[in-house]
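Listed next as structure tokens: two forms of one protein chain, kept apart as structure 1 and structure 2.
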Structure 1
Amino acid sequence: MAQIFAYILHKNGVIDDTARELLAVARKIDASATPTALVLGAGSELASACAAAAGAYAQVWKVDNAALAYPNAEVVRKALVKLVPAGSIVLMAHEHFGMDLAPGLAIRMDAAFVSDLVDIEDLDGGLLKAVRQEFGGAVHSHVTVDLSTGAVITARPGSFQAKEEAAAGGQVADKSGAVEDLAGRRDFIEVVAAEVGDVDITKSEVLVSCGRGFEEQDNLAIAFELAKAMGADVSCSRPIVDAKWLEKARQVGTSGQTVKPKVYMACGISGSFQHMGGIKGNPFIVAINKNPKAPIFQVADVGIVADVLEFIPELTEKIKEGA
């Protein structure tokens, strides 16, 4: 089996939750695999991220370069092409940076490319049988991938359960000298902070999140009543913001806020990967949707097939009665 690498996202010295999920992907490809974590960046924050990655991975390859101080897919791609041996398998999270980085990396490595992986069925004779989703999760596609020349694979966050394992005590190897010049044609200018509204949902422990199922703006009042009864905050999916029913600061998703609640109640939300990509930390997910085939039910801990406009007021009353 080819050597497996996992590209680790990190910020302010903290590795992303997807780091351990990629470890689960690697083990599903090859149960005996000892994947290597790739941690790229610059300075003291990189050192902290490498130490964190070593808690999960037995091997960590560190690349410290000033050009990597801010994630730039063009520059990272150049580094990985120089760093990763031909024929290797490279895993990364299917979020906005991975979507930018992965396709070009597969071309440069002359390797197979699989995007938005949600499951692995089997590995037979070097052929990986993978599962993806199409049309917003309405259809599952089963693809066979030849791994003989390597592969670049992006895995959907939350699709592979990160297992609680003992600290790996991994070794960090400095590979900075292998990449040398990383000049790119595009430059990082600045980070524009997301708008902060009257509630910072990134700090909320319990969220009641609203989607298309509310049909009209006035109906959002029942979500606020439920949130009040639960001691929760109200968040939403992108269609609610696009309709200007709630402010952008309450949007959860890849184009909105990233949240890490303990409980996430998805009300009238289909569960597209763009929305689920904004939910980290493996919260307890309760899904309420009148469509029994909604993708949200595939990741929910509790699924309720019901019209939110009818179910939520009844739930709110029951909560108030029990208070």
Structure 2
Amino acid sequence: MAQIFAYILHKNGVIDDTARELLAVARKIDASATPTALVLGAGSELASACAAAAGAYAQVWKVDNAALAYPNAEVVRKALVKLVPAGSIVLMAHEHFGMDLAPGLAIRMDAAFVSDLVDIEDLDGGLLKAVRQEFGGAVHSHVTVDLSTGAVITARPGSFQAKEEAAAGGQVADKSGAVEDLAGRRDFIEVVAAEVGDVDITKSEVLVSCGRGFEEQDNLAIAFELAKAMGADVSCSRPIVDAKWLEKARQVGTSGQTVKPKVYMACGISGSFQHMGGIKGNPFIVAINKNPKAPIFQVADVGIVADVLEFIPELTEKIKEGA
């Protein structure tokens, strides 16, 4: 069995939740695997991240280099190509950094590439059978991945359950010498923080959230009326922001805000993982969608199969009557 590596995301010395999830991915590929954590960075933050990774992984490879102080995928890829032996399996999380790094890494390693796995079924004669989703989660698919020349595999955050395990007490090996010149053709400049909007939806207790099902900008008025009647705030999915109908600060999801309301009303939203990834704290989720098969109904507590444009005004009316 090829050696398995897990690329560890970390920030300010703290490792990401996906670090332990990747351990679960490795175990699903090979129950007896002892995967190695790859922790790249610089200075004292890196040292803390390595210590945390060693709590989960028996082996940690540390690479300390000033060029890695900010994780620039072009630079990290260069380092990994020098570091990881041919034929290995490299696991990482399917989020913005993994999307930046992983496909090119597979080419450089001459390895297979498969992204955004949500489950792994079995490994049979070097062929990994796994599960993905397509069409925004409307259908699943089984894929096989030929691991014979190694593989780069990205896993969907939150899809693989990290097990509570005893501290691994891992060994940290310093591999900094293996990578030297990392200068690339893409230089990191800075991170520009998100703009602050009129409302801070991260503080809202009740959210009326609008998706592409609203069809037209003018129709959003009914969501604001409902929110007013409920004492809620209005948030939205990404297409509403892409269309410039609402400001970015109202977007819920992995590339928007993380919200923790008590009640979340998902109206005309299909329930993509990037959207649901921004909803934390296990709120009571009400989904209103005209398609009874919409994936949102799998994750909502209560569902209403209806046209939002018809249902929402009636709901608002009834709330006003009751008030």
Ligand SMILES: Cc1cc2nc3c(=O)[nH]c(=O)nc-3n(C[C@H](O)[C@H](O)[C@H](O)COP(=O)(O)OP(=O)(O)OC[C@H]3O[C@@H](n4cnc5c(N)ncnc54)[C@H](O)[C@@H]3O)c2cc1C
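Sequence positions of structure 1, starting at 1, serve as the residue numbers. Note that this is a predicted model, so its numbers are computed, not measured. Only the largest set of C-alpha atoms that superpose within 1.5 Å between the two forms is called the rigid core.
- [ ] Kindly point out the structure, among the two, that is the form predicted alone.
- [x] Structure 1 is the one predicted alone.
Task: Gly213 C-alpha shift between the two structures of 2 Å or more, rigid core reference - done: Yes, because once the rigid core is superposed, the C-alpha of Gly213 moves 2 Å or more between the two structures.
Open item on the list: Once both forms sit on the same rigid core, is the C-alpha displacement of Ala102 at or above 2 Å between the two structures?
Closed with: Result for Ala102: no, shift under 2 Å.
Open item on the list: For Cys236, does the CA position differ by 2 Å or more between the two structures when the superposition is done on the rigid core?
Closed with: Moves: yes, 2 Å or greater.
Open item on the list: So with the rigid core superposed, the C-alpha of Asn282 shifts by how many Å between the two structures?
Closed with: The alpha-carbon displacement, core-superposed, is 9.3 Å.
Open item on the list: Glu247: how large is its C-alpha shift between the two structures, with the rigid core as the superposition reference, in Å?
Closed with: Reported C-alpha shift between the two structures: 5.5 Å at Glu247.
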